[in-house]
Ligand SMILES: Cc1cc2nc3c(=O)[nH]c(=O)nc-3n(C[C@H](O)[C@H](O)[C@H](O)COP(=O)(O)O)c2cc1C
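Form predicted alone, single chain, as structure tokens, below.
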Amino acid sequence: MAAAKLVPQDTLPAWRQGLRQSGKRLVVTNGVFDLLHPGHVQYLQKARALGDALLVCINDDDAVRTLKGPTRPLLCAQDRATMLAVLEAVSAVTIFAGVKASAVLQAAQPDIYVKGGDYTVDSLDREEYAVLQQAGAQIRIEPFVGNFSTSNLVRRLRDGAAAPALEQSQTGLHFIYARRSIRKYQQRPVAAETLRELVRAAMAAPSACAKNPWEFIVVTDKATLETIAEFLPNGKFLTQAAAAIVVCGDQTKAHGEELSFLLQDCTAAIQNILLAACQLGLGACWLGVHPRQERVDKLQKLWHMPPSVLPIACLAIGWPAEEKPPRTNFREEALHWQKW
């Protein structure tokens, strides 16, 4: 049964023609689908309900390594395809080469194209989008169901956690220990609403006398990311990130207009972003700007900032293409009880 659903890409046009002759509307989605989990299943069920047949196009193993890093996929393409094919909601599965799905979408000519909630119509690959427009496909963005993530599953298995309830460790602080600086990213966008959520988390940070002097510049334009990377000696990887959040502070709004309070407030906001990104399955890395005056000057000039607004840090944001184990740099000798 499953084998009959595995359709080679070169036979897709003929398979598609058979659906047309039967008057069936074809729904298509694509992705990695590595280590199938309930979130995938529910997403595919929702996609299938939009039409009469559902085709799932999956990246081959070389493409997954490019997208997710050298430790992925966990399952080879044939195994991933077979697991998808046994699902009742799935009508057919095809494996395609390369990171972009343009060629397989051209062959499939979908009536409806579905992507998950970490995408928007504007953030879809422009080459793939052009193919979908030519095919006259309706594009649907379906929110993810539940808080499922293959990366989180891998993390739990690696850390020896047997169930989601244990993911945060015995003290409930695993989300802090799991936060690591990520410098390798998948070539996929981060949805605008997700970036907004990170800034929302930043603004939940404490601030001296509740002055909240922070300002945030969210950057997704590749040319601007490249420009910022040139300003930051250790930030060349920023060009591969999906976005950057530049955290700034207006000294005229800080408590007592003091730089020290401004820096403390912005630092608390930065840490909130880093922790929120980790909790959402994103990768992030803190790149220092202040107090290096040449970096401050270049970013101020880039956006014509008022002199009172200081760029403090630039945070690279993206879907991680590397995995790092949780850790703490705890040192007992740095802990002092009631005396030095």
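Residues carry their position along the shown sequence, with the first being 1. For clarity, every value in this text was computed on a predicted model and none was experimentally measured.
Form predicted in complex with the named molecule: not shown, discussed below.
- Item | in the predicted complex, the one of 31, 288, 69, 281 near the named molecule [non-hydrogen atom within 4.5 angstroms] | Contact with the named molecule in the predicted complex is made by 288 alone.
- Task: Could you tell me which one of 181, 133, 78, 252 places a heavy atom within 4.5 Å of the named molecule in the predicted complex?
- Result: Comparing distances to the named molecule in the predicted complex, the residue within 4.5 Å is 181.
- Thinking of 17, 24 and 129 as one candidate spot, does the named molecule come within 4.5 Å of a heavy atom in every one of them in the predicted complex? Verified in the predicted complex; spot residues all out of contact, no.
- Message: Based on heavy atom distances of 4.5 Å or less, which listed stretch (98-106, 208-216, 221-229, 173-181) is in contact with the named molecule in the predicted complex?
- Response: Partner-contacting stretch among the options: 173-181.
- Query: Given that the partner is absent here, does residue 260 sit within 4.5 Å of the named molecule in the predicted complex, heavy atoms only?
  - Reply: It does not: once the named molecule is placed as it appears in the predicted complex, residue 260 has no heavy atom within 4.5 Å of it.
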